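The chain below stands alone, shown as structure tokens; this is the form predicted on its own.
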């Protein structure tokens, strides 16, 4: 049975879901050293932020297939090491977005209205409102750095305060700015010059570390309010501290720090700053969502399905996954064909996308094709994570093209969406094309120039035969004599009397059609080739 170790606490609701599916070892508080000794026994690992999924752990995790990070970032997971070993890394970036967005607003209001200081004074027995005069948000301009999931929620919430919303995010489409009522600013420094409030909502990486620093505070309006509820260091702490002392920043709200825990941080001594201990995501609702999300994604991943929040795969939202799923299935089945009918090593793969599918993010579809291509020879060793790397290591050159115009095969029949794959080896080329039916089922529509319309499923026979009477009858008779039922059959030809392609879906006892039966089929007069393919 699949074994999962949950090394840090997650919500009971998520834990119960996992226990229904797998053998779960719940070990919250386990030390890194102890985990290193036992991790080789598990198929999946769930962590939060304490356990380090580093190269040493990955090297010892011989069976590990999935690492689930119950949270947004993956700072404690060495993703390249996992990718190299074919270990899928998943997280829960959307589960605490509401909590983080609301905490951002809470920090902002707490800072500009001096709520922490006023609370402390009252609780100590005082009553003096004069030191706590604050400022309003109404009519002011906010600059949002990063208009992703959390940043967009902050934008809509601050717009309701009648604030003007500016945003800087070079990786977000113009449509998204319009959708959330934010004015797009292409230059970060221009944004800083224009705003009264700045809040950051980006991941922490080399590009974003210190993105708001000394240079930006020098050009900011005097009296700026700064909020960081994203990751420590995105707003440079030293520069922010000096800006507060110089009066450039009048108020600040900080939930995250460059070093955590952060005892003795000089921020804690300043009056006009609201600070919290990295608890932006800590609500009851968020923690339940995190637990449920990581559990459900782990189940999908261990069952071989594509999950939307895979860190080391192309990012897919739930709605995108629903749209692309039929194409992922089609591409993987198309890929499975080659090595079941050819023995020569593949040297180059060309994948061409036509029509509507060309207007989608096809990277994951391409990966599905490579996974299917290598599965007949590598078995469970290949997965969505390592398929591109394994293909590259085998010397397979990949070429991908897109054409949003509909395309057709053979006599010119057009398909609204079409995937065409060409696999080249030292002897020649195999072409296979497929589309999605109105029922969202995969259909193969062309093979080596032969037109067809078949559902690639189960065990199939692909047969080349002379196009004349007296060939198909004896062939199908042998199948009947061997107890093999024909579920579907189709014949295609280029011209009368030429070599035809016969495709058959068959019901067999066992996993495939035995070699002894294949020999009998090949011996039929007029049959030139018989290939068995398992989809």
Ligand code: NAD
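Since the structure is predicted, the reported quantities are computational estimates derived from the model, not experimental observations. Residue numbers count along the first chain shown, from 1.
There is also a form predicted in complex with nicotinamide-adenine-dinucleotide (NAD); it is not shown, and the following applies to it.
Does at least one non-hydrogen atom of residue 371 fall within 4.5 angstroms of nicotinamide-adenine-dinucleotide (NAD) in the predicted complex?
No, residue 371 sits far enough from nicotinamide-adenine-dinucleotide (NAD) in the predicted complex that none of its heavy atoms falls within 4.5 Å.
Taking nicotinamide-adenine-dinucleotide (NAD) as it sits in the predicted complex, is residue 208 near enough to touch it, meaning that at least one heavy atom pair lies within 4.5 angstroms?
Yes, residue 208 sits close enough to nicotinamide-adenine-dinucleotide (NAD) in the predicted complex that at least one of its heavy atoms falls within 4.5 Å.
At 4.5 Å between heavy atoms, is residue 171 in contact with nicotinamide-adenine-dinucleotide (NAD) in the predicted complex?
Because a heavy atom of residue 171 falls inside 4.5 Å of nicotinamide-adenine-dinucleotide (NAD) in the predicted complex, the answer is yes.
Could you confirm whether residue 255 comes within 4.5 Å of nicotinamide-adenine-dinucleotide (NAD) in the predicted complex, counting heavy atoms only?
Residue-level check for residue 255: yes, a contact with nicotinamide-adenine-dinucleotide (NAD).
With the partner left out here, if you bring back nicotinamide-adenine-dinucleotide (NAD) in the predicted complex, are 330, 335 and 421 all within 4.5 Å of it by some heavy atom?
Looking in the predicted complex, the three residues 330, 335 and 421 all stay beyond 4.5 Å of nicotinamide-adenine-dinucleotide (NAD) (heavy atoms).
So which of 461-469, 431-439, 341-349, 272-280 is the stretch with heavy atoms within 4.5 Å of nicotinamide-adenine-dinucleotide (NAD) in the predicted complex?
In the other structure, the partner sits against 272-280.
In the predicted complex, the one of 376, 308, 148, 116 near nicotinamide-adenine-dinucleotide (NAD) [non-hydrogen atom within 4.5 angstroms]
Looking at the other structure, the residue within range turns out to be 148.
Identify, from the list 364, 90, 195, 100, the residue with a heavy atom within 4.5 Å of nicotinamide-adenine-dinucleotide (NAD) in the predicted complex.
If I apply the 4.5 Å criterion carefully, the residue I get is 100.
Looking at nicotinamide-adenine-dinucleotide (NAD) in the predicted complex, which residues in 196-222 have at least one heavy atom within 4.5 Å of it?
If the 4.5 Å heavy-atom criterion is applied to nicotinamide-adenine-dinucleotide (NAD) in the predicted complex, 196-222 yields 201, 202, 203, 204, 207, 208, 211.
With a change of at least 3 Å, which way does the C-alpha separation between residue 277 and residue 26 go in the predicted complex: closer or farther?
Their C-alpha distance shrinks by at least 3 Å in the predicted complex.
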